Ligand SMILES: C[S@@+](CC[C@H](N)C(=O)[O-])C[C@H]1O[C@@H](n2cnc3c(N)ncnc32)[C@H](O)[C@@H]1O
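Only one chain is shown below, in C-alpha cells, and it's the form predicted on its own.
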C-alpha cells in the first residue's frame, strides 16, 4: 500500500476493473487505486485483470454504503478522489446464475452480495400485492404495474416463481407486446434495486465520501436511473449551498459552510459513445470538489 502522500483514488464500484485500469494508466507511477465491490466474483476478475500493477492496486469486498468502516480497517484516512459508476456490468447481467437479466434463464436471485438475506425470488413470492406494486412503480417507473402485479400474484398462488424465465413469461403475458422489452427491463431493474437496497446504499455513501475526501478532492458519480441521479443532484446542491437562512436575510447567520463545489454541468454521453456502447445512452455524470476547510 502506498503512503498517503501519493495520489490515492477509490473506485467504489469496481466491477471488472475498467475504470480502475483507466485511472492507473493515466496517473503517475506513485499513484494507486483502491477498488471496492460487494460482488466477490467481480473482485476476483478485477484482481486478475490488474495484477500487473502490483501494489498500485488493491481491492476490498464491501458495500459502498459502509465506505468509512471498510477503509478505516485498512488504515486509509483520506483520498484524493472517489469514483462511483452505479451501472451493472455486462458480465453480471449475462451471468445467468445471478438472475439479473430476463434474457437468460437462471435462478431469480439478483443479489450482488450472496450474504444478503433477501432475494428477488423472496420478494416476488412473499411480498404483498401492494408492496410489489410500490417497488415496480417507484424503482422501475413502469406504467403497466397493476396488470403485471396481478399476473404475478395469480401465478404464485399456483406455484412458486423461481427462475428469471418464469418471471419474464408472466410479465409478458400481462402487458402489451409492443412494450414487452422495456417493461421487462423495468421490472427486473426494480427488483434488483430493491433486493440490493441500492438507493439506500447511495444515500449512505454520499456523505461518507465527502468525509473521506481530502480538500480539493473530487467525487465523480455516474448514474443510469433517474432516481439515482436525483439523489446525487440534490446532495451536491445541498452540500454546495447548505445555508438555511431566510432569503430576505442580508447575510448568512446559520453558520453552515459549503463542503462541496459543483464542477461543470451534467455530463451526458456523446452520440459516438452511445453508438459504440448502447447502454451508455442513459448515463449521467456529475462531479463535485471538496471545499477546503
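Positions refer to the first chain, counted from 1. Treat the numbers as computed from the prediction; the structure is a model and nothing was measured.
Form predicted in complex with this ligand: not shown, discussed below.
Among 223, 190, 89, 101, the residue placing a heavy atom within 4.5 Å of this ligand in the predicted bound form is 89.
The shortest heavy atom separation between residue 39 and this ligand in the predicted bound form is within 4.5 Å. Contact annotation: residue 269 falls outside 4.5 Å of this ligand in the predicted bound form, judged by heavy atom distances. Among heavy atoms of residue 14, some come within 4.5 Å of this ligand in the predicted bound form. At a distance threshold of 4.5 angstroms between non-hydrogen atoms, residue 242 is out of contact with this ligand in the predicted bound form. Of the stretches 206 to 214, 135 to 143, 152 to 160, 78 to 86, only 78 to 86 has residues with a heavy atom within 4.5 Å of this ligand in the predicted bound form. Residue 201 is the only member of 198 to 215 with a non-hydrogen atom no more than 4.5 angstroms from this ligand in the predicted bound form.
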